[in-house]
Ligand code: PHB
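Next up: just one chain, as structure tokens, the form predicted alone.
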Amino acid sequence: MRTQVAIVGAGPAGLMLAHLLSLEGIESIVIESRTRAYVEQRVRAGVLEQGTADLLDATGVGARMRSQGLVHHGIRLRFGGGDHRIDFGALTGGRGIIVYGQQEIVQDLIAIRLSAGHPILFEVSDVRLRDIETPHPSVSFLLDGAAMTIECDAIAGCDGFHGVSRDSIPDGVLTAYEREYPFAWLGILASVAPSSEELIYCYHERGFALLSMRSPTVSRLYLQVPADERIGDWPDARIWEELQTRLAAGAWSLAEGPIIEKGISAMRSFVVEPMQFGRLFLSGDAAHIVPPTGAKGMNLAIRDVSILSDALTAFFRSGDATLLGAYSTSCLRRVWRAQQFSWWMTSMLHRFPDSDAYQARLQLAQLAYTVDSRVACTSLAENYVGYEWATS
């Protein structure tokens, strides 16, 4: 097979890149190791920055997001048993976020790509990237047991943290920056209407908690737990009891319902530099991971591929590789901004194992300043809704 761009990974980054390229008349083939059903049902991020939502609208895949997504213009910080609202609209000139699940975006992007007759090859295996340092790279793999090869001009590695793309770059090229956090998030989906119209980020002496949502009838909630915790040790009743304790506030009450999904996710920060080598370009989780506290992961991935699409478009139209050469530099300024914001939110809201009374007082002081100072509120708000979209 021959195409202009081979895209490894059918998550939001790979699918969005394929869509953006198709709008410019650039051919691509997407390959994915998982089944279509798996990627369409995989529950991950659910908060879209203003710029992400605007891009989906502008490229013709925002209709279902607009009809089913939940528009929010603020979040609440809860500590000391009280709520403090961060008003995004007032602080950022009317900008906000949309709560719309990653799996929904994946479904929308798959549907529009397949309806246009563009290929997505699911359930491939033994993926190998070859000759990536040359102008003529290729991707080989097995599909239904048959050996296949895609010859191309560029490869986009959008296959996540555990994918093959980053590991295909020779040793010594990449520098990795990472931090493992000494706690994890236990997340649940519950079939119950959200108990708040906006997300609640809660600092509590027993650990962080987050009240989020996926729809008017489905709640998404999280608890900070030890990094080595096992989900089997958390029956539903224990989860609800802990959520009730941490999220308690005055007369407010947390509605409970059937838990339809639960799991524990590790917390890490990770960046590799550069995000490219030869004709291989890394995007999304293949290049960087952020703690979910700042709601940045999927938004970073979408921003990566919007930059990469512009660079590839310039290259295929005129042969000018200037933007391709600058791809990593263009992405990393924004990546590190999101890293800093995510680290700040994480360190302010979580209880660390070695935390003492002094550290707890510092965190409460930081939270109080954040909600009392208009400057601090504005900093949180503009980062949350997508600082990099507004300033790039």
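Counting begins at 1, following the sequence as shown. Predicted model, so just to flag it, every value in this text is computed and none were measured.
Just so you know, the form predicted together with the ligand exists too; it's not on screen, but the next bit is about it.
Visitor: Going by heavy atom distances of 4.5 angstroms or less, which of Arg95, His204, Arg76, Arg214 would be at the interface with the ligand in the predicted complex?
Guide: Looking at Arg95, His204, Arg76, Arg214 one by one, just Arg214 meets the 4.5 Å heavy-atom criterion.
Visitor: Of Val271, Ile120, Ile86, Leu199, which one comes within 4.5 Å of the ligand in the predicted complex, counting heavy atoms only?
Guide: Contact check passes for Leu199.
Visitor: Do heavy atoms from each of Arg166, Arg279 and Tyr327 fall within 4.5 Å of the ligand in the predicted complex?
Guide: Heavy-atom distance to the ligand in the predicted complex: none of the three under 4.5 Å.
Visitor: Residue-level question: is Ala295 within 4.5 Å of the ligand in the predicted complex, judged on heavy atoms?
Guide: Judged by the heavy-atom cut-off of 4.5 Å, Ala295 is in contact with the ligand in the predicted complex.
Visitor: Residue-level question: is Phe183 within 4.5 Å of the ligand in the predicted complex, judged on heavy atoms?
Guide: Taking the distances in the predicted complex, the answer for Phe183 is no, it never comes within 4.5 Å of the ligand.
Visitor: Would Arg220 count as touching the ligand in the predicted complex under a 4.5 Å heavy atom rule?
Guide: Yes.
Visitor: Should Arg44 be counted as a contact of the ligand in the predicted complex, where contact means heavy atoms within 4.5 Å?
Guide: Because a heavy atom of Arg44 falls inside 4.5 Å of the ligand in the predicted complex, the answer is yes.
Visitor: In the predicted complex, which of 253-261, 143-151, 205-213, 227-235 comes within 4.5 Å of the ligand (heavy atoms)?
Guide: That would be stretch 205-213.
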